[in-house]
Ligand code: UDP
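Okay, so here's just one chain, in structure tokens, the form predicted alone.
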Amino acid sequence: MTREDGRSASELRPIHIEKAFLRNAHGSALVTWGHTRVLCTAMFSAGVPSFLENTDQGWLTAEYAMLPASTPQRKPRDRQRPDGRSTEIGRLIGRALRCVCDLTSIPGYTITIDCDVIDADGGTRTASITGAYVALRECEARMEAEGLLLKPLLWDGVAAVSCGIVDGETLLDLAYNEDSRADADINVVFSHSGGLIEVQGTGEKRPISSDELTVLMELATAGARQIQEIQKAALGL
């Protein structure tokens, strides 16, 4: 199957990650993923949530937002009432990164990840997770340089990708025009070592068969391997 943008069913959109994009952030990355663009930052600060006070553990949390002009019609800022979708995606980003962190390496410190969508064309949560990992690696290096790490923070990497079923076809990396009419879509978060961190899947218009799920996971696994190499190149690894 050839898609509207000319890709094959198993092909990712072009992905570019520029690290150290912002001067003031302890870690940052601008992710360009097709027409989707997300600015990811990581900053550390002294202090931890109350439930971690007087423990030997630090914390990592994440926030996600879509800027007003990221969509064709202006999206209002989340000022008075939190956006439920943004909150849910922020929690996903935090969970994904904490899964590969040893938070005992930063006792008394909190790292905050911010992912701001500049331009949305599908896959913003997977782009956010992918870019946030790069920003966090840079933040870790900054903390190490300042003598704030007791030991390495990250013991594995994180990459995420979407896949779905559109017009009966299983496709990797859905753009918005595909996601908006998909029969089913799945977001998959992988560790660099190949383990599954989180799978979010929904049959939007019909159930997903076990055979289809197998194919979707195969597509996602192959896509995540490619994304991992892009992350490593951005980090100079």
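Source: prediction; values computed, not measured. When you see a residue number, it is the position in the sequence shown, counting from 1.
One more form of this protein exists, namely the form predicted together with the ligand; it is left out here, but the text below deals with it.
Visitor: Could you confirm whether Tyr176 comes within 4.5 Å of the ligand in the predicted bound form, counting heavy atoms only?
Guide: Yes, contact at 4.5 Å.
Visitor: Looking at the partner-bound form in the predicted bound form, is Asp121 within 4.5 Å of the ligand by any heavy atom?
Guide: The answer is yes: Asp121 has a heavy atom within 4.5 Å of the ligand.
Visitor: Does the ligand come within 4.5 Å of any heavy atom of Pro72 in the predicted bound form?
Guide: Contact check for Pro72: yes, within 4.5 Å of the ligand in the predicted bound form.
Visitor: In the predicted bound form, is there a heavy atom of the ligand that lies within 4.5 Å of any heavy atom of Arg85, even though the partner is absent here?
Guide: Close contact exists here: in the predicted bound form, Arg85 approaches the ligand to within 4.5 Å, heavy atoms only.
Visitor: Could you tell me if all three of Met66, Arg125 and Asp185 have a heavy atom no more than 4.5 Å from the ligand in the predicted bound form?
Guide: Yes: each residue has a heavy atom within 4.5 Å of the partner.
Visitor: Among 95-103, 113-121, 149-157, 133-141, mark the stretch whose residues have heavy atoms within 4.5 Å of the ligand in the predicted bound form.
Guide: Among the candidates, contact is made by 113-121.
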